[in-house]
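Shown below, as C-alpha cells, is a lone chain in the form predicted alone; questions about how it binds or moves come after it.
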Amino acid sequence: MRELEVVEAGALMTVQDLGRPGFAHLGVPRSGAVDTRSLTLANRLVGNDEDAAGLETTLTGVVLRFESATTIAVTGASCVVAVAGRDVAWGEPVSVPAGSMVRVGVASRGLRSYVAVAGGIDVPLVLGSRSTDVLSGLGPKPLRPGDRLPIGAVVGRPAGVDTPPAFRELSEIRLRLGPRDDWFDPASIARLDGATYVVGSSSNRIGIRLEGTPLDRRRDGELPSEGIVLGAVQVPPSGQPLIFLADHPTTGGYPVLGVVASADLPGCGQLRPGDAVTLRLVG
C-alpha cells in the first residue's frame, strides 16, 4: 500500500474532495474543499478525476513524507513548494522520489493551498465523501504529525499544462438578495451595494465573518429555523454579515439577506482575516 506521512500539519490541514451533497435533509452539510476550483485544478494536473480527495492546508506551511515515488501538484494560495530540500514548481505536476520530504510553504497570497497526489488520498468514504467536516465531525479528523494516509491507484497521466495556475485575489463579492431581505431597512440594503467590509479574525471553514457598517433591521424578533445553503449571507443581531462556506450548518434562525454568486465562492475560500472586500448586488 502506498502511503504518505504527515510530518508537520500546520494550523489546519484536512482531507477534502468535492463533498457530500444531498444530505442536508439529514442535517449533514456538503463540506468538501472551500476552494473547489483549486482542488479540481490540482487533481487534473496529476491525472486524477476532479473529485479525488486531496489535502487542504490553512495559511501555515506543512511537511509531508512520501514512501513511494509519486506525482503531486500544489495549487490555491501562492506558496513556495520544495521536494527533498529543493524548490519546485507551484501550479504544475512535480515528481517526488521515494522517501522524499515535501514542504508546502506559508501562503504568501490567499489562505488555503491544495495538494493533489496521483491516485488521490484513499481514506474511507463517509456518506460518499472522504472530506473532513469540522462542524459535524464526519470524515477523518484534522491531520496531526505522525498521521499516515493511504494513496489510491493511479488512474491517469499527469497533465503537461492547465489554466490558469496564477492565484487571483477576490476583491468584490456578488450578492443576490433574498429570501429575507424584507427584514432589513431598504436604505441599509441600498448602502450595501458598493460597501466595503473587512474579513474578521474568527472566520473559518464554516463561514466568513464580515466587519463594517451594520445592517439595520425593519422587523424585530427571530425566525423559526430555516434551511441554509452554501453561500448564504446570514445577519445576526450585531448586523454584521456572515457568509456561510463549506461546513455551514444546514439550518439557522437569523434572517438570510442574500446568497453569494456561486462563481465567487472559491475566491471567498481564499480570503484571509484583514482582507477588504466590496459587496455588489446583482440579479
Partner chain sequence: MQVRMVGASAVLVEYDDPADVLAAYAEGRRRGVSLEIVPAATTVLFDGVADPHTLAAEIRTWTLSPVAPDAGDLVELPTTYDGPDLDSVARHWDLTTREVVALHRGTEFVVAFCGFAPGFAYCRGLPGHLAVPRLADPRARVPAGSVALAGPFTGIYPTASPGGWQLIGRTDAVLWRPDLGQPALLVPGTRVRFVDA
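Numbering follows the first chain given and starts at 1. Keep in mind that what you see is a predicted model, and the values were worked out from it rather than measured.
Just so it is clear, the following notes concern the form predicted in complex with its partner chain, a form of the same protein that is not shown.
K.L.:
Does any heavy atom of residue 227 come within 4.5 Å of a heavy atom of its partner chain in the predicted complex?
P.N.:
Answer yes; at least one heavy atom of residue 227 falls within 4.5 Å of its partner chain in the predicted complex.
K.L.:
How about residue 168 - does it come within 4.5 Å of its partner chain in the predicted complex, if we only consider non-hydrogen atoms?
P.N.:
Contact with its partner chain, no.
K.L.:
Should residue 234 be counted as a contact of its partner chain in the predicted complex, where contact means heavy atoms within 4.5 Å?
P.N.:
Outside the cut-off, so no.
K.L.:
Is residue 59 close enough to touch its partner chain in the predicted complex, meaning at least one heavy atom pair within 4.5 Å?
P.N.:
No, residue 59 sits far enough from its partner chain in the predicted complex that none of its heavy atoms falls within 4.5 Å.
K.L.:
Exactly one residue in 179, 186, 97, 156 has a non-hydrogen atom within 4.5 Å of its partner chain in the predicted complex; which is it?
P.N.:
Of 179, 186, 97, 156, the residue with a heavy atom within 4.5 Å of its partner chain in the predicted complex is 179.
K.L.:
Using heavy atoms only and a 4.5 Å cut-off, determine which of 28, 215, 63, 41 is in contact with its partner chain in the predicted complex.
P.N.:
Answer to the contact question: 28.
K.L.:
Can you pick the stretch from 78-86, 119-127, 104-112, 206-214 whose heavy atoms fall within 4.5 Å of its partner chain in the predicted complex?
P.N.:
Among the listed stretches, the partner-contacting one is 119-127.
K.L.:
Is it the case in the predicted complex that 36, 91 and 270 each bring at least one heavy atom within 4.5 Å of its partner chain?
P.N.:
Not a single residue of the candidate spot has a heavy atom within 4.5 Å of its partner chain in the predicted complex.
K.L.:
Out of 246-283, which residues reach within 4.5 Å of its partner chain in the predicted complex, heavy atoms considered?
P.N.:
Those in contact are 250, 251, 259.
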